[in-house]
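Single chain ahead, by itself, as structure tokens, in the form predicted alone.
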Amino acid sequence: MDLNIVMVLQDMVLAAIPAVGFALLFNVPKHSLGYCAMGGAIGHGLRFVLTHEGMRIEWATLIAATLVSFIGVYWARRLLAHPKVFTVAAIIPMIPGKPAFTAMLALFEISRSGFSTDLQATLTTNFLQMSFIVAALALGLAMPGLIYRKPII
């Protein structure tokens, strides 16, 4: 499938909405909401482009979360805030909802109708994919601290 700028922009705009929603939920100051929206859009947009260019979603998520984290550190230094103000809400749109839901449905179906190799494969595949994506998000958020090895503010 050819990737065009309209698809990328649509993905970025749609990712900015939950980023702002969660920023509001986390009581992020009003002047920082735009940064949270930009971080969510940049991160999800980069992941979207990388996956459409053939990269596995786990690696694309790690790269996008790392970029968002470094951008959040930059913004935090400029605006004298903690980096998590910008980064945590920005990575929320990259939470792996579909693999988690599919794994949960497979688990319930195994519980309801009994074991089958197809359901076990679905459960295992989606659970592992979800786990690796969540691990990539956590590692990406931690990357500036791991690289700098000192307080980043």
Partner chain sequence: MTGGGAQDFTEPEQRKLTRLCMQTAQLLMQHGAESALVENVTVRMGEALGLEKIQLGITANALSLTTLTDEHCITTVRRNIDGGINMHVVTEVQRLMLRAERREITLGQVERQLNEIKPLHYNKWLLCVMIGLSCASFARLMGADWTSCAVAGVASALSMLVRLTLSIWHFNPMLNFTITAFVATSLAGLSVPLAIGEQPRMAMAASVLLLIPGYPLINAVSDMLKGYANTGLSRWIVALLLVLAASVGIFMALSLWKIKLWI
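Given the structure is predicted, the values throughout are model-derived calculations rather than measurements. Positions refer to the first chain, counted from 1.
A second form of this protein, the form predicted in complex with its partner chain, is not displayed here; the remarks below concern that form.
The closest non-hydrogen atom of L14 lies within 4.5 Å of its partner chain in the predicted bound form.
P93 belongs to the set of residues with a heavy atom inside 4.5 Å of its partner chain in the predicted bound form. In the predicted bound form, at least one heavy atom of P29 sits within 4.5 Å of a heavy atom of its partner chain.
Interface membership of I133, defined by any non-hydrogen atom within 4.5 Å of its partner chain in the predicted bound form, is ruled out. With the partner omitted from this view, the residue of L128, L107, M55, I63 that lies near its partner chain in the predicted bound form is L107 [heavy atom within 4.5 Å]. In the predicted bound form, L79, L80, A81, H82, K84, V85, V88, I91, I92, P93, I95, G97, K98 are the residues of 75-98 with at least one heavy atom within 4.5 Å of its partner chain, listed from first to last.
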